[in-house]
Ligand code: NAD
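One chain is shown next in structure tokens, namely the form predicted on its own.
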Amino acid sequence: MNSVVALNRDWPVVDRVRSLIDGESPPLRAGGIDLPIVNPTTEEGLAVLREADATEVDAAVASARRAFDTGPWPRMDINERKDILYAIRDRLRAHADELAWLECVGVGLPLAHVRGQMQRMARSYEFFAEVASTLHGEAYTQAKGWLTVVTREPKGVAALIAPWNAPLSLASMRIATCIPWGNTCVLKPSEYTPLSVRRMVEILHEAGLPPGVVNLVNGRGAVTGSALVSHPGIDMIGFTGGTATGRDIMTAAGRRLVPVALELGGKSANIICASADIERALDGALVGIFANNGQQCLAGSRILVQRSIAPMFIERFVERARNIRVGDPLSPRTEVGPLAYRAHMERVLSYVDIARAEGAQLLTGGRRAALERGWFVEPTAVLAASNDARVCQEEIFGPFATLLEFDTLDEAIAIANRSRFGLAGYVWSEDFATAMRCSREIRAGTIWINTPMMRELRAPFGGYKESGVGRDGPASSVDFYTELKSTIFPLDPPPMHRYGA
């Protein structure tokens, strides 16, 4: 087999995606398992993935351990680390088109959407480098005759696990919040979408990142992921993905008292009040559920519409949904591409029958899109009879909107909170008091008012309830990825009892 398969005249794809340990691919060992990597648009094979077993995971953790315990990264002057992180930012920007192309062919995300994610990916390294440069300690002199100095130190080796729905932006967020303080890590992306993340980690090393600071292992959660999160050389775990997997990771971590940061699922309410700017609310509701092919934990997947405007709003929502351009993610006109892999497409479509069985009305979609090939699902919307329905309570994670009607704001807030999730919420109203009341009473980590999703890196991000544990953001990431140390000095020799003198 050739070393590359030329799928594009500019950007080749490796034929076998392998781990990167100490900045290099380890030798292939006999008896390893190869998993297919499939283009979701064409259903054709892109490459194969060599799964990392427990032995390979052990080598990756050992590399990260050496880099932390004896390597230069934790011991660098902050300006040296900043220079490398800025170089990473610049090199990622220089390769943005290549990485966006890999995200399109490997995940099926529309090109126009992915290009914005490339900028976020590069900015994350710059932003947290700047935060690291302002990290400071404390000094206490209140106790007479004593000086207590409090310093922060990197915590150690992190296991980082990234999902398949936005591999580059979410994997980069995990890395960028971890390594600026001097930590090292082992990253495991999804086995379905490893291509772009593998190339990103290569670029990190091309930009000057020392070997062992970021290691990459590939494979299924039950094999590679399990070996990673249970490894005794891991000091902390950062995970973005589904709630069920997050619960398993937290259980494994708890056995060794390893701290975890988990960004998990969501079933966010998108409340459309009669006092909303209807045009903007309509645009925002469509963005909230159909962006990223509907595959996002932040999706405003429960659209709550006030009854007085519901007939008009729902009619216009359905009309717009039917006109969404579904197709090749590499086309700049495409608005919704394929779902990331076949089993997920089948799972999303299964909720159409579930909705009907529970009395919901199918408003549009509900079928595989009529294209020659590819894992495309028509943009789908159902009108649910009750918030207790499974389509209102379970994360479908696709281009599948569930609409509900409400009468009063009290009712809307109660519906929004009747969920085991609490990641985000959206409110559309031109009335300030309505917006503030929703912000105060909806139990979710982020509330967007009159806007679709916007990520403020300076603010904490995470969820309530089953949507996660911990937060991303400057202060939260510093707290999670560093340790506090108190060093106490006597300003004058303290009196001491002289035992045995």
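On a predicted model such as this, the values are computed, not experimentally measured, just so you know. Note that residue numbering follows the sequence shown and begins at 1.
Although not depicted, the form predicted together with nicotinamide-adenine-dinucleotide (NAD) is the subject of the following passage.
- Only one of 162, 424, 121, 99 comes within 4.5 Å of nicotinamide-adenine-dinucleotide (NAD) in the predicted bound form through a heavy atom, and that residue is 162.
- Contact annotation: of the candidates 170, 253, 129, 326, the single residue with a non-hydrogen atom within 4.5 angstroms of nicotinamide-adenine-dinucleotide (NAD) in the predicted bound form is 170.
- Using a 4.5 angstroms threshold between heavy atoms, residue 239 counts as touching nicotinamide-adenine-dinucleotide (NAD) in the predicted bound form.
- Interface membership of residue 103, defined by any non-hydrogen atom within 4.5 Å of nicotinamide-adenine-dinucleotide (NAD) in the predicted bound form, is ruled out.
- Put simply, residue 378 is far from nicotinamide-adenine-dinucleotide (NAD) in the predicted bound form: not one heavy atom of it is within 4.5 Å.
- Although the partner is absent here, residue 288 lies well away from nicotinamide-adenine-dinucleotide (NAD) in the predicted bound form, with no heavy atom inside 4.5 Å.
- Here the chain stands alone, but in the predicted bound form its contact with nicotinamide-adenine-dinucleotide (NAD), taken as any heavy atom within 4.5 Å, falls in 184 to 192 among 110 to 118, 184 to 192, 148 to 156, 426 to 434.
- Heavy atoms of no residue among 413, 438 and 452 are located within 4.5 Å of nicotinamide-adenine-dinucleotide (NAD) in the predicted bound form.
- Interface residues of 265 to 302, taken as those with a heavy atom within 4.5 Å of nicotinamide-adenine-dinucleotide (NAD) in the predicted bound form (partner not displayed): 265, 266, 297, in sequence order.
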